[in-house]
Structures are given as C-alpha cells and as structure tokens.
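Take a look at this one chain, the form predicted alone, written out in structure tokens.
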C-alpha cells in the first residue's frame, strides 16, 4: 500500500525514540509549548486537536515538557488569533505551534513572539513571517492530483463541480489554485460551478443542493475534504446521477464509497493530510527548544487512499473521524534529516 496509517497505534508509540544521533537531547522538561488553533468546526480539526492532546499529554507525563495546552479561537478571525498569540507570549510560553487563520495577517504577532524569544512553528495553515518555522503540505499538489486522476479515469474530459473549503483560509486558496492549474493542464475538463463547503459535510450538502438546479450534468466533483459525502447526498436528494466524487479521508466518505463500490462498482480516490500533523509540530518545536538546528521549511506527505486500499483504510479510520497517523519523535527526526539533506521525506507512518 502507498502509505498506511494505523490510528490505534497510540500510547507508547507516541514517544518512540529509537533514537538517531541527530535527535537533540537538551533538557526541555521545564518548558511549555502551546497550540494556537483558529478553527475547530469540522471532523479534521477535531481529530487534529485529539492528536495534539495524545502526544502532548504523554510528553507531559514523561517529563519531556512541563505543559502543552491547546487554545482555539471562537471565530476564524486573524485578529482574534493574533490577540491569542500575544496573550500566549505574555503567559510565558517557550514555543507556539500555530495553525494559522492567514499566512500573512498573523505575521506581526508572530514577529512579536520571535522577538520575545518564543519559538513559533506553523503547520497546515502556515505563516510567511521568516522567523517562524513552517511544516509545509503541498496543498496545491492535492488539487492538481485530483485532475491528474480524473484525466486517467475520464480521458475524454467532462464538466466539474468544485467544492472549496473555508473562504479566506490559505489552505482553501492553495488547493483551489492546484485545481485551476490541473484544469489548465487537462483542458478537456471545465469547472461549471463552485461552492464553499467549509470542509464540513452538512455545509457541503446544503451548498451543493443550492447550486445543482443551475448546473448541467456533472461528470465529477473535485473537493478539499469533509465534503464528499455531503455532495453525494445532495445529488441523491436532487434525483441526479451521482458523479465521480473525490473523497477526503473522512469515515462517512469512505463508508459511502465502500457501499457504492460493493453495489455498483463505483470507483474514486481519496486524499488528505493526517490530522496528526499537529504532532509533528509538537516534536519540531520540542527539538528546537532542545537545541537542534532545524530547517525553516519542512515537508509532510499527503495520505492517499486508492481503490484497492479502501477496505484497509476504512477499518483503520475511527467512526465519525478522519484517517489519521501517529507521528513519533523518531519519524520527525527522519523527516528533518531528509529535508536537511534534500532527500525525499519518509512516507506517512504505517502499520507495517
């Protein structure tokens, strides 16, 4: 399989330190790391927060750090998150792991943190302030990969509905840009409608239901995650043929896909990043605090589920959740070393 993930492999695996010499061993037992998160309104973000809690609570129990709480803003507003960051500085946190509402609007607050000696590591929603570290996911590549897949499945092309994510967020803009690029490359496809699904099944279903009466027959739906099942329900409720819908590694999407595959031979693919990318943010911050030299820009792989891997992945995905991984200090060490050496990063951690 391309990249298997085992959600159940928690507990001691989180702190696995089959150490390589490069792992920094400086004392961080008295240090405090905070997670600053801008949004928690979908299953991916909930799984991300759970993954943070799993790694941080055990790290505290093991004496690796003194404290590692998570803070989520009430609204997805950069101004509110900037104020949150400033408050964390005042509270004396040694590092802030940041899932940012904007790549640029938080730069002032991030600069304040750096000037105060606080390590800032951004992931998922990254920031462009040079003093921060960035754990980069090729979100644009996630968009182009969908069109590459469709070009293989539908060489004659077709009409597409695009379901975007949360408006104004870096991740949404990046995946959208990848889809635009993919359509430019595979010009036999045309996007004939677009809605924002907020990476949430219920919102996606409502928005797709609203636009469907204005659209011609749709051959495929390109997505960002958390929206595939909602799209399927909207097509079904409208009495329209269900197109090929790209999925986003959510349990409801994979379950629906399996049911359709068994009933009709339905084929698609699914891709997303693992919510436990927050754990990589934790370990990167801890290693910097421990004295390690870490490249400013790091890279995480995308977790792709293909047709012949569906049963395995669905079995590993928690009901109501998202296909996930466990990122250990050992894995993070290998990723840092690969990036520093200009080599391919290790695949998403697997059960094998």
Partner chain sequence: MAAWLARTGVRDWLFAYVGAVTVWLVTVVIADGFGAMQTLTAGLGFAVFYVLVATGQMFVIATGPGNIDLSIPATVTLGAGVAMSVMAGSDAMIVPGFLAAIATGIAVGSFNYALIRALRIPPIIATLSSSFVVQSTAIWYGRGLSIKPPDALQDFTFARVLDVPVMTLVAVLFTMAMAVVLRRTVYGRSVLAIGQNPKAAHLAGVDVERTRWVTYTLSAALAGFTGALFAGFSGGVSLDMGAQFLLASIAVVVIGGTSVAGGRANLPGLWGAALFLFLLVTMLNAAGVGSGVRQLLTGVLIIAVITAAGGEQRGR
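Since this is a predicted model, take the numbers as computed values, not measurements. Residue numbers count along the first chain shown, from 1.
Omitted here: the form predicted in complex with the partner chain. The next part is about that form.
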Exactly one residue in 290, 299, 40, 66 has a non-hydrogen atom within 4.5 Å of the partner chain in the predicted bound form; which is it?
40
Looking at 264, 187, 214, 91, which is the one with a non-hydrogen atom within 4.5 Å of the partner chain in the predicted bound form?
214
State yes only if every one of 32, 62 and 133 has a non-hydrogen atom within 4.5 Å of the partner chain in the predicted bound form; otherwise state no.
no
When the partner chain is placed as it is in the predicted bound form, which of 91 to 99, 236 to 244, 133 to 141, 267 to 275 ends up with heavy atoms within 4.5 Å of it?
236 to 244
Residue 210: heavy atom within 4.5 Å of the partner chain in the predicted bound form?
yes
Looking in the predicted bound form, any heavy atom of residue 252 within 4.5 Å of the partner chain?
yes
With the partner left out of view, is residue 82 within 4.5 angstroms of the partner chain in the predicted bound form by any non-hydrogen atom?
no
Is residue 149 part of the interface with the partner chain in the predicted bound form - any heavy atom within 4.5 Å?
no
From first to last in sequence, which residues of 311 to 329 have any non-hydrogen atom within 4.5 angstroms of the partner chain in the predicted bound form?
318, 319
